[in-house]
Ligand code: HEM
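Here you get one chain, nothing else, as structure tokens; it is the form predicted on its own.
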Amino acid sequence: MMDTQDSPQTSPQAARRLEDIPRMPDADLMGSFGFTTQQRLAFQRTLSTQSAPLVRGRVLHLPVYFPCTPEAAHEVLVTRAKSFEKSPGFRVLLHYLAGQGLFTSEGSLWRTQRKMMSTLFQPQPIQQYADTMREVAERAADRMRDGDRIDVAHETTRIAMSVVGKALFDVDTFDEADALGGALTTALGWVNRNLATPALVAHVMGMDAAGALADRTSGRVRTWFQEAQQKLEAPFLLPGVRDPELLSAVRLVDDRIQRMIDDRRKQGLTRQDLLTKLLTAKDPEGESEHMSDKQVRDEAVTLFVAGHETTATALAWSMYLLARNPALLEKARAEADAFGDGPITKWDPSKLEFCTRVFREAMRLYPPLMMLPRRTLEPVEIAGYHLPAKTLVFVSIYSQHYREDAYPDPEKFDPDRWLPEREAERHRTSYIPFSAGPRFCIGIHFAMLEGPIVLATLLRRWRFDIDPTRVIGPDDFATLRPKGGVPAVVRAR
């Protein structure tokens, strides 16, 4: 794909002034983002129309900078990635759910964990789960009956959760999917309610203040401030954090995973699932021993959440978008039918090429995550502007996916955007549903294997009558789930 050369870093003296960065209008008293998903999406659609490489917004009194062009986003995520950390607020919100997993950890811990886990998620090792993906989708299809009224989003969640449960834990979570899914929805719902709130801003400011005071003191006082900063990594001051429903949801996930860790140890770590591989993984450079149970738990939860949420949501949107485009639906069905009556035993890009393009286009229109929050670790130059340390920079995935200069008629569902010759014309950072750079999602190969297999399996078995006139928008949630689900009537083919 087309990419630009990394420009040499210029001196701060040559950089343009922050005061010259265009300002975005405020959505409300909170600042640029707004309280609801719809407000946040509207703001990001405005970002997609900007020609300036960098614009300025705010959260309360804090300035926030948004890279608008793919080139500027590429600098933040790829070229200058070492100068950024994930937003501390994001880490605080996910503390109880994801702990110090790959999605939230930083520094040496993240680098060690990334090295230990990356070999498990290369395309070749992931290929072994193709049969599991097809079998789970077939099982879901077997339970359906002609005339059933279903929510496609609910079904794809059950399927994706069962796939990741089997691959990650070698357990059957199909019948537990509702309970586990409900627990994760509760936890992510709390995260959504606390995004960009005064309480979160105050919490992070307190954490930063404790860190700054620790740097300026010594002895017992320094230790006290360090301990205070560490305690503030947990969101114990945020509204609703002690809600019994939230506590019960996190406990359910914790207990389920800890039981499986205990079972693996009792059995001698002989299974071939990803959980066993996490328990036996070693740093390839020999800098650390095996992960602790707590670290394995954090990584397992991170993989479980990300592994099902992205795929389930993209599959639900894929089915909805195809229903609104009958000609494309028939093309996807024809590709699925070409496998005949037998099972899809091996994923072949040339045989599921159109279903793959449908899946990718659904993630362009409805990326599971809307934004990638970052904060500068040191002074850094982005798009010609010198940003001081601790500057908030949010890369909008959604706005990159709706830029007309990258995607003409961006509202249109067009899987042919992903024909190789058309994709090669775009900057690679114009499509980032799995992020980019050193922190790109290691589950990308898993998701891109699973999505087309499940889609083709379902389309080959049943017809899903979805009202093509019904407009479904994103829910007010932490990820872009379809609001109200995707109602459908199952019909025999």
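Given the structure is predicted, the values throughout are model-derived calculations rather than measurements. All residue numbers refer to positions in the sequence shown, first residue = 1.
The form predicted together with protoporphyrin IX containing FE exists for this protein as well; it is not shown, and the discussion that follows is about that form.
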Segment assignment from 51-59, 38-46, 454-462, 428-436: heavy atom within 4.5 Å of protoporphyrin IX containing FE in the model of the complex: 428-436
Contact of Phe446 with protoporphyrin IX containing FE in the model of the complex (heavy atom, 4.5 Å): yes
is_contact(Arg114, protoporphyrin IX containing FE) in the model of the complex, heavy atom dist at most 4.5 Å: yes
In the model of the complex, Arg193 touching protoporphyrin IX containing FE (heavy atom, 4.5 Å): no
Close approach of Leu252 to protoporphyrin IX containing FE in the model of the complex, 4.5 Å, heavy atom: no
Check all three, His95, Val201 and Ser396, heavy atom within 4.5 Å of protoporphyrin IX containing FE in the model of the complex: no
Phe354, Trp418, Phe121, Phe225 - the one with a heavy atom within 4.5 Å of protoporphyrin IX containing FE in the model of the complex: Phe121
Listed residue (Trp110, Phe339, Phe413, Tyr385) with a non-hydrogen atom within 4.5 angstroms of protoporphyrin IX containing FE in the model of the complex: Trp110
Residues in 298-322 close to protoporphyrin IX containing FE in the model of the complex, defined by a heavy atom within 4.5 Å, in order: Thr302, Leu303, Ala306, Gly307, Thr310, Thr311, Ala314
